[in-house]
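Given as structure tokens, the chain that follows is alone and in the form predicted on its own.
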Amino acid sequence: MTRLRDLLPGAALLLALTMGMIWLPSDTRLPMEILLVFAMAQAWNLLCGYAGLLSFGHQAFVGLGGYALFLTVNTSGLPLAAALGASVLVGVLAAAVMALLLRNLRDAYFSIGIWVLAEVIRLSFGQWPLVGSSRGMMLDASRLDLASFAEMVFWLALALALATQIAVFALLRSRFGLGLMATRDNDVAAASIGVDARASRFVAFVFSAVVCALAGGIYYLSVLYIDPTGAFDLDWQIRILFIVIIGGVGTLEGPILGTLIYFALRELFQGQGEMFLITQGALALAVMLIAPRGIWGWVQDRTGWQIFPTRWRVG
């Protein structure tokens, strides 16, 4: 019964947010984007907040996932499900190669290294004729049911967001999650009790890459066009970073709160680009100075509230 009580608040919140996404909006484009950005932020939060790896290059996986889907649909004629599978596969392979190249880098060196790799990938796609070089490419929509297209993309985004939240929660409630957090806190001490720090970080890295690749595939599927400038834009990473920092890094509730704040600000300052950026920067600075663990981290430190507790309580 104690375990069931631990799960109820999180289940209730997910249900409430899901119902809100389904019933409130008449236009599904904004809810779809909110869900995809949240999924990316939560996956990145697993890597940074729990594995201790600060990445500035996850926009690479967003772009690779989008291009993998477009190439699969346009050149093979396979169904959409297979094209999404291609995004997953490319995410796994890219993460594995990057992990190999960056395996000996930590802290700022890792952050800069993955950012450089992301830029190399962006520039390479800008010179690749098969994907339209810098002009980008259109998706062959002849096999898509355009009548239900927007609804289908929304449901894909909702499924990814829910699956990401549940998967991260399940991972952190497992022995793997305990080992991952031990690795974050002190990898030498974790290794001394049998935790494979390299393997734990690799799993978290691949997971975050796959979620971002799938999100990129779904997002660019919705607009039927992709180009290197947008797909590998650093703005994807900036959004994720802002959301996790203000919401609360290393908490499962933080990215939910951060996503809601980010999109509320964006809608409030719609058409006022400079004011949105100024407010976004000022808020991020204020949170970092006043509440270094983010808004939810500040609340949790003072109240002990956990909607998604990552450890079982005894008693």
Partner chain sequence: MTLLAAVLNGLMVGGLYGLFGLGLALAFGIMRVVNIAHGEFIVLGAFLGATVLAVTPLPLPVVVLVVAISAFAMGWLMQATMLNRLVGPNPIPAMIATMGLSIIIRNALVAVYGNNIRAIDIGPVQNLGIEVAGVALGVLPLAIFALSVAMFLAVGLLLRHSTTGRAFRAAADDFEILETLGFNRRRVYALAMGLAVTLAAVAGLLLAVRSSFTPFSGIERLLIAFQVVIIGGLGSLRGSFLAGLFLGVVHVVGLSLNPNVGPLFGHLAFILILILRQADLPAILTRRGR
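Everything numeric in this text was worked out from a predicted model, so none of it was measured. Positions refer to the first chain, counted from 1.
Not pictured, yet referred to below: the form predicted in complex with its partner chain.
At a distance of at most 4.5 angstroms from its partner chain in the model of the complex, all three residues Leu101, Tyr109 and Gly281 contribute at least one non-hydrogen atom.
Of the candidates Ser142, Thr75, Gln127, Ser148, Gln127 is the one whose heavy atoms come within 4.5 Å of its partner chain in the model of the complex; the others do not. The listed set Ala82, Leu89, Ala191, Leu123 contains one residue whose heavy atoms approach its partner chain in the model of the complex to within 4.5 Å, identified as Leu123. Figure note: of the listed segments 114 to 122, 207 to 215, 159 to 167, 174 to 182, the one touching its partner chain in the model of the complex, with heavy atoms no more than 4.5 Å away, is 114 to 122. Using a 4.5 Å cutoff between non-hydrogen atoms, Gly250 does not count as a contact of its partner chain in the model of the complex. Using a 4.5 Å cutoff between non-hydrogen atoms, Asp27 does not count as a contact of its partner chain in the model of the complex. Shown alone here, Leu241 lies within 4.5 Å of its partner chain in the model of the complex, counting heavy atoms only. Using a 4.5 angstroms threshold between heavy atoms, Leu257 stays clear of its partner chain in the model of the complex.
Applying a 4.5 Å heavy atom cutoff to its partner chain in the model of the complex picks out Leu277, Ile278, Gly281, Ala282, Leu285, Met288, Leu289 from 277 to 299, in order along the sequence.
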